[in-house]
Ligand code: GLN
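Shown here is one chain on its own, the form predicted on its own, set out as structure tokens.
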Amino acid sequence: MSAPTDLTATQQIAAVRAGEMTSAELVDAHLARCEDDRWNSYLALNADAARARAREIDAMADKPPLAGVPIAVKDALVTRDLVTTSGSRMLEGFRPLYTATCVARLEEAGAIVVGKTNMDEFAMGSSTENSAYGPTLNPWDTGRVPGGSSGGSASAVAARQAPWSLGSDTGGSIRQPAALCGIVGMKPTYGAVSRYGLIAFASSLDQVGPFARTVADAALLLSYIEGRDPMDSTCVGLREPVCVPTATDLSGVRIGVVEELMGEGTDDGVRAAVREALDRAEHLGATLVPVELPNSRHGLSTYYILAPAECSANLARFDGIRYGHSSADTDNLTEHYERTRAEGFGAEVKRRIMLGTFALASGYYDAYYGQAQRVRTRIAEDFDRAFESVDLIASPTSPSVAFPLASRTDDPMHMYLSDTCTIPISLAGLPSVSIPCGLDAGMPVGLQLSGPAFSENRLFDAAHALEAAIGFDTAPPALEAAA
């Protein structure tokens, strides 16, 4: 049998149920990889509790559905008694009093949290270089970024430190790192998964979703975390249960191709890999249809007004009084607030708070925030029109492959452009999945498939059929050398 860490989550569940291995063996094998963390994927390990829980599950006559399989969790999701920092010094050493709904649902189903993964501070970034605890490295090339903000969750899956993981996606923070690390990443329809226990960045955009090595694993993971939650009034769940995909062809599926997201700004190698994947889709029976999303070119500027505006309000709660970092030896309350936030927040977080506060300021609200909301509506209407003639929309996930560490840290605009393909879908609140579709200069390229709201099953079926046709090997060649 293959090494435990080489098996997908579905294979691990089957192996435990068949008695071919124990949950304790799975947890030990993955923790061994986590403890030798050459990629800085994790900020905290849950080793003792994970091993204890594995022994409990092994002693059960009737195994829970997820059979004690390990999972990694982005550090933006709170976990009771396990350090949760959101990648920031502001929450260094913080131990929450409760667990996020989506994590609790997985634990109830038998999944075992092995650790909390690294991320851009408060989910603000596209490379995981904004973490206060150092950057995560890409398992395909440790001189390159894994993407962000959920780079630790993507890296952990690619490096076989966990068979699957949870991330959060505001403007592309699941899909973009999935593409850069050569794995599957899925952003569900906004409201499908509870945000209770997710440390907020931009509340109208944030959504929890799965990372996995296969589309089937991603679908299985989503099936356990979606659903209504009385603790989150914006959570409506999905309209139908998530089914593990079995489709082998794309007969009758109309796929829209967005030329606006395939042209200037997209690397030639990325464009070529995506075109080849679309050719495979045609061979599987799909019909390719050119579609226009004219307002998508305004997505980046719209996002960088709305998201900072929301973060400036959400992060106001970090004042050094109730929890988190608190500056010492201040003379008055105002000074205490100022010094606490100056010491606790990193440069990118401060930049976005200032941008958002400006956009919401009296005299500028209508000109910036109000206008951005109107453009957001136009972007959503473009997608509605497009889906009148197609079933799904395809584009690159990222305009480039993983870029070298520190190559964009001094150029915020260049960094922000990493999310040009993912942001319009986020602004429209639609579901989207990224699957690896090829290589450019030895690094993975991601294909993004998007659908109408609540079309997760259709997306998974199409992605599953394409995944088999492409046959991408998700094992990084550098992995053996690193190990």
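Keep in mind the model is a prediction, meaning the values are calculated, not measured. For every residue, the number given is its place in the sequence shown, counted from 1.
In what follows, reference is made to the form predicted together with the ligand, a form of this protein that is not presented.
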Notebook entry, point to check: Do all of His30, Ala72 and Trp164 end up near the ligand in the model of the complex, with near meaning a heavy atom within 4.5 Å?
Noted result: no
Next item on the list: Determine whether any heavy atom of Thr128 comes within 4.5 Å of a heavy atom of the ligand in the model of the complex, and answer yes or no.
Entry: no
Notebook entry, point to check: Does any heavy atom of Gly171 come within 4.5 Å of a heavy atom of the ligand in the model of the complex?
Noted result: yes
Check: Is there a heavy atom of Arg352 no more than 4.5 Å from a heavy atom of the ligand in the model of the complex?
Finding: yes
Next item on the list: Answer with yes or no whether Val145 is in contact with the ligand in the model of the complex, where contact means some heavy atom within 4.5 Å.
Entry: no
Notebook entry, point to check: Exactly one stretch in 103 to 111, 154 to 162, 82 to 90, 296 to 304 has heavy atoms within 4.5 Å of the ligand in the model of the complex; which is it?
Noted result: 296 to 304
Check: Which residue, Ile199, Val208, Val274, Met124, has a heavy atom that falls within 4.5 Å of the ligand in the model of the complex?
Finding: Met124
Next item on the list: Heavy atoms within 4.5 Å of the ligand in the model of the complex is the criterion; list the residues of 419 to 455 that meet it.
Entry: Asp419
